[in-house]
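Okay, so we've got a single protein chain in two different forms coming up as structure tokens, structure 1 first and structure 2 after it.
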Structure 1
Amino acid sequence: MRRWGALLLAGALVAGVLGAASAQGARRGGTLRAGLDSDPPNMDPHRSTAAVDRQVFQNLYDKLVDTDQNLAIVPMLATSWTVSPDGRTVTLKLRQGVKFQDGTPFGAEAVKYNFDRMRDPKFPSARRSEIRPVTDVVVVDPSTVQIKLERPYSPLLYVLTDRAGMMVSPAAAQKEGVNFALHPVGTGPFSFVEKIPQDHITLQRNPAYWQPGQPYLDRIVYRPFPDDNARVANLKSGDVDIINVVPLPQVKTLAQEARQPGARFRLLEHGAFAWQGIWLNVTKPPFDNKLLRQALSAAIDRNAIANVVLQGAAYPAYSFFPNGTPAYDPAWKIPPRDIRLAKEKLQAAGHPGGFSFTLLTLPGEQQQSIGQAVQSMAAEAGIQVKLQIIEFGQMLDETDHLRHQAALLGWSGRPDPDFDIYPFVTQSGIGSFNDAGYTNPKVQELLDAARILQDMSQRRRAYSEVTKILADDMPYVWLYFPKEYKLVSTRVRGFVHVPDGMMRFRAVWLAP
């Protein structure tokens, strides 16, 4: 017993020493090279629409608040926040002594300017819908602002952890106008040096960063590698130190390689954040018939898709809320595949011999293997799936105008559950997110209520209720929640893997 105690004590000491060493041993300097899955098109956070832009933004801009690795909201440019009892005023206390990279002081006026910029009807901002309930921003004193809302809006703080919360320099934004994206200025740990389209984006250390001692790196160079295999090969060869997207079908092999002695990279895994499935257009045949939607859903083996096709790199899905996110309800069970039930539904729908439909998919190995799996699963129930591969712009055009029958499409996920479900199944999203053309007054009512409720356990109950309705109406056939992966060189230290997949480098350093 005493020996075990001594061992435990020794272990604790070693762990403590190691922990202290890693915090103290952070080495200053060096260039981190990050591989991205595509070339970030736009460096203005208020205009950006590409998910990949957000990777660069994490280090160029600070947000009003941030999320930690448990998806809790933590201070960033705002040090504290309070919500008024009626839920219609959110007061933010701002960090003092912060300057933008061009020297402009950050404060309440700058926050007001940023909100006005996003809300300006003449400015083509992509953020407006996220902050639509905001009616005004009031400067209380130089380090306090109040955000006025037309109604309580519980997702607001989470929205401010993303692009809508990224503060751009008012001086630079006024000077550059629409060219701000070419010369972006924020308060982040790294400032912009250059962007050569399709080649690289370079950021350099912001010496006046408000967090003393940080960042450690001198430079970050982002390079795009649209080809999955090429991106992985560049990490393995040491040409880049981290990649943002790891192709799911390769995860199993990469995990084995990373475990071998002398491996030069690590595979980091986190719970899921995104969702994937099939939109069924309920406004036209065949899927205007609910029984046919249910028949298709019953024919799908979600466990096989997650565990066989994707080799365990995803969870099977039966809702819009991935395992581990705040609205996830462990009570949901994945229904087993049931061909008999599918055939009963076909019979009841008056299609005992089955039916056929066209499933649109995006290009890419993973999308195609999922499409083919669905095709063969559905075929056993007598449902014929014709696969059609189209490029993203064309896909949006088809789904926006509800011309498709079915489309294999997903969502990258947001820290607040509202933006994982609301626009996808309500009137507001028709023509954009709601690719089923589906509406249901009960669903609308519950989701509106969830926006007003401040307490997550109450909101979760509303979301569970909606999920039950959707599981019956089935406008969207949930398939899987892809897990979040990063492939990182062993040189990279201090990297915190946040489930939103965004790479924050301010505390990262490079081992020699």
Structure 2
Amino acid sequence: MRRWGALLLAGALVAGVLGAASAQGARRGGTLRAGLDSDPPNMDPHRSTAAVDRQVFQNLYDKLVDTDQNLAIVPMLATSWTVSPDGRTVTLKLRQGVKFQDGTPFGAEAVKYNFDRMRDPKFPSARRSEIRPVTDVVVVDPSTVQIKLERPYSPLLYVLTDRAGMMVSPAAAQKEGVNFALHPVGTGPFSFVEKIPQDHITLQRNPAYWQPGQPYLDRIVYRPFPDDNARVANLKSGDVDIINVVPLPQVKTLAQEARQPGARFRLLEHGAFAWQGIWLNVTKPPFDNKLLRQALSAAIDRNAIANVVLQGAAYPAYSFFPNGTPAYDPAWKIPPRDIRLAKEKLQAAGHPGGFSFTLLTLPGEQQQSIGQAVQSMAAEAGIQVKLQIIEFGQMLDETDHLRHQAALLGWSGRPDPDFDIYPFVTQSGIGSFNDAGYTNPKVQELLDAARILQDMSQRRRAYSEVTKILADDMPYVWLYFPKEYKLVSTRVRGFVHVPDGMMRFRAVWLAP
């Protein structure tokens, strides 16, 4: 984890090729079946706001740069990069000879098009807040681009390891417009075949992929299993080969089963990288009243959720920064559950008898268990919680348009702390990530300042100050940091479990 703070832009001149799992003994062919926790809503990386979309994107699109299993930034479509002394120009040298899956060439013009598309105010881009400091992208020559910034922007390279760095085909995007998600085209190791909503997504091997000999698989079929038990059962039965989300209450049992002789699956684990909690819509009743937000927070026992409901497979949360990540502050203390304080807040808010609200949750055993725990805890303070289970795509539509009162929804986490917090509590994220509709000028000022700073200790101070403000304003009730798990068939070889939880299958192959 210590190396994250040293991987900022200053002095970053990196060359070489993206590391991959050893190909020794790899077999070509076969179809890998991946079970997902929900149906991916949007196949356009510039519009996507769902973590589950990114599972498919890892194999459909290449990024300008990527992260390895140590979360170090490594080359991908960009082979090297330099930063000007004033920190306001980043020059990328691009890999040559790469083509999009529609046969059109990748190069500097394509990179410029992608940035212009994400920055276009007429295009419904979810990436705008991530690349907000970018003022222009200049084509120097066919394999060189310069990214111009209004100010130094320390998170930029890490931003480019995710959806903002995923390059879409300009020809396909211009042809399809906002419907590009129905016919997505990237440069990745697998190309899009079809998506049948709520049933499957199929990708097939890209024979013109730039990495010689890869990928090994012929196809990937993604299938959604919103029900936790169904997802695990399909892995155990061999109907799928890997699942992206392992239900935390089942981790202990699954770990024991995986250790048994002859077990047909492995359980892989990393530390916490994501966060989970409850978005409170501050733009409408009841949570436009800060005292009611504080009352709900005081009624929640975060330790019980992490250690009892989730069987110790998570940490209790009190910030947007999980344990062990660069901005985490070990001085933060989890606030104890305090029913007396909750009732005092209700009294001060003019609701001595409590209040009621609807909490949106997703299908699945784990989500329902968390929702029911919150419901029970809140009831002891006189707060009545109505649980409403909705499908993931509908959840995003409700929260993005701020039609909800509260929603149990989290974030998959990022290597740089900026994108674990910035779009969620600033104006730029309203309509995509800021599901509270929350703004605060001091928070905006502090987070803008953190984007300029190169030193992580200085950035951490800014994040700590923001955390104190948010702990009082309470637009989001932090609940827990889930540990990262994958359940994988023993047939799957060459899979590297990266802490970000994204499943990269370029170097994966299937044993007989």
Partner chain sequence: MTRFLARRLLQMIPVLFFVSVIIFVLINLVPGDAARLFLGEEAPPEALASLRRELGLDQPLYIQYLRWVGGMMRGDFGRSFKDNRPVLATLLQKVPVTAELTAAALLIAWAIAIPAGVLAAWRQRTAADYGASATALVGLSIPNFWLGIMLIYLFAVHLRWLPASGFAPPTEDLGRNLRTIVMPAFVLGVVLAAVVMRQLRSSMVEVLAADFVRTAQAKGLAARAVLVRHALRNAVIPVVTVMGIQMGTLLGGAVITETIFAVPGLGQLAVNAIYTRDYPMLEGVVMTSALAILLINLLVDVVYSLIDPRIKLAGGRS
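If you superpose the two forms and keep the largest set of C-alpha atoms that fall within 1.5 Å, you have the rigid core. All figures in this text were calculated on a predicted structure; none of them were measured in a lab. The first residue in the sequence of structure 1 is number 1, and each one after it adds one.
Structure 2, not structure 1, represents the form predicted on its own. Considering the chain's movement between structure 1 and structure 2 as two rigid blocks, L32 travels with R128.
Superimposing on the larger rigid part's C-alpha atoms between structure 1 and structure 2 leaves the smaller part rotated by 25 degrees.
Core superposition places the C-alpha of F433 6.2 Å apart between structure 1 and structure 2. The shift recorded for the CA atom of N289 between structure 1 and structure 2 is 12.7 Å, with superposition on the rigid core.
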